[in-house]
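We begin with a single chain expressed as structure tokens, specifically the form predicted alone.
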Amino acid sequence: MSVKTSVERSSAIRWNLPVLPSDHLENVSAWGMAQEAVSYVYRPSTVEGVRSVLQLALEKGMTIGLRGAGRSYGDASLNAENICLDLTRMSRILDWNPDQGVIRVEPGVTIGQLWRYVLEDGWWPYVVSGTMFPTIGGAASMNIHGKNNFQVGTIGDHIREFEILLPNGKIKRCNRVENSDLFHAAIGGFGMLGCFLSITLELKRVHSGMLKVLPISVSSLHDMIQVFEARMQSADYLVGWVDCFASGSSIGRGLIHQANYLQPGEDPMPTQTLRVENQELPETFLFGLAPKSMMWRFMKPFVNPVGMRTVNAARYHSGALHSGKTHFQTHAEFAFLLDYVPNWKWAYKPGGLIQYQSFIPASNAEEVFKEQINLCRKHKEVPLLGVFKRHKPDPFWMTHAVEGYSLAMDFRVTSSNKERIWKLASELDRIVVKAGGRFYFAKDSTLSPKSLETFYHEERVQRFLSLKKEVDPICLFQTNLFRRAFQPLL
């Protein structure tokens, strides 16, 4: 797209002279609510409908940004003043083999739909995010990871093949043999090469609807890493919560949760525990007296430095009391912690939140994450929540993964601190780049081309950009994220 066309488009919207029918104009928000954009939103339900939107964009000289459930924290699914292609209506299960655990779905099927469909046959997705609401198309385009990344890799490692609609209107079937380059580039390619039409996944056989969960309290980041290293061979899942308010010798203290699948025969009633109705998260709290839809209002007074310092300390000391005491949780309870409180993000209104997640090689992860936390303290922007995970590399071209660890940090955004947080993120970027780390576009809100300069020159990234020019020479597929992070290459 030329600069002139972009300006003309901007003027048309500002003066209420829409390029496309105005009834398609919507304000589209990032999940974190700190960013938004006005776009022409189309929601096709068929392949022909997707093709018609591509044709419309070509005729009008506009770009297309793909959007699933819109669960990316930042602007990965925003496409200001252009077309937003929302795929949530393409939500059909196309084929299911309960004997082999292989399923073929449309891109708008959510993780929640998926697990509910397969669980009673004794299967569970190998990889899920902390919430069940993302679509499979969105999960594939971001190549999401879970609390078991160190064991099973990313969701892309369990995709057998997919069909993708390219900007020229052709449909390609891609797997590890056929159109292999496109397979490894589109998974994790954040929607820049084409639109997924179907995705075929391999699932994990499970023998119970329950997991065996062990909480482990740790007094520092050093101890947390030591526990991860000691247990990653025997654990199916490991995830750490980090109290970012702790300092000194206690910096990085927190609570680890290890979870393991039950083996055949361990669950005396697997048919019952595998029933969907016995997995659903409760809808009430306070002994069933209040709906959880109200709970974010109770959280709001605590979503500030003073309140969250108190909450973090209370959680740490409470976790220490239960450390080492095994209990059982359903798959849904353990996997989807972020779904316990509906719309919990509303507690961050009006400014919203961003999450900063970096991936650092194991050899220097402790040093780097301590430096990051101390830098946040120096800027007086202590993360309100920290989540720690172990990772392993994968073969996808735009991967975020390393043989090491990630730390995800939540920041509340306000009108008074937004500029300060973006400046802090830039300084955090320099630490990550110096350490040989990587970033995750599903979470990003702040990366600049300067921060990604080293990343651009990686061989796999160069191959991705060359393939982008080959299959999409006019840059039909764009988003705010792509323009922000890759502007020098447009």
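The structure presented is a predicted model; accordingly, all values stated were derived computationally and were not measured. Start at 1 with the first residue shown and count on from there.
If you look for the form predicted in complex with a small molecule, you will not find it shown, but the lines that follow are about it.
Colleague: Counting only non-hydrogen atoms and a 4.5 Å threshold, tell me whether M33, Y348 and I373 all contact the small molecule in the model of the complex.
Modeller: Checking in the model of the complex: none of M33, Y348 and I373 is within 4.5 Å of the small molecule.
Colleague: Exactly one stretch in 263 to 271, 118 to 126, 292 to 300, 140 to 148 has heavy atoms within 4.5 Å of the small molecule in the model of the complex; which is it?
Modeller: Stretch 140 to 148 is the one.
Colleague: Within 4.5 Å, heavy atoms only, which of F162, Y405, W397, F190 is in contact with the small molecule in the model of the complex?
Modeller: Going through each option in turn, the one that passes is F190.
Colleague: Considering non-hydrogen atoms and a 4.5 Å limit, which listed residue (P167, G101, G130, G319) is close to the small molecule in the model of the complex?
Modeller: Only one option qualifies, and that one is G130.
Colleague: Can you check whether G70 is within 4.5 Å of the small molecule in the model of the complex, heavy atom basis?
Modeller: Yes - in the model of the complex, heavy atoms of G70 and the small molecule come within 4.5 Å of each other.
Colleague: Would you classify W96 as touching the small molecule in the model of the complex, given a 4.5 Å non-hydrogen atom cut-off?
Modeller: No.
Colleague: When the contact criterion is heavy atoms within 4.5 Å, does R412 count as touching the small molecule in the model of the complex?
Modeller: Outside the cut-off, so no.
Colleague: Can Y237 be called a contact residue for the small molecule in the model of the complex at 4.5 Å between heavy atoms?
Modeller: Flag for Y237 set to no.
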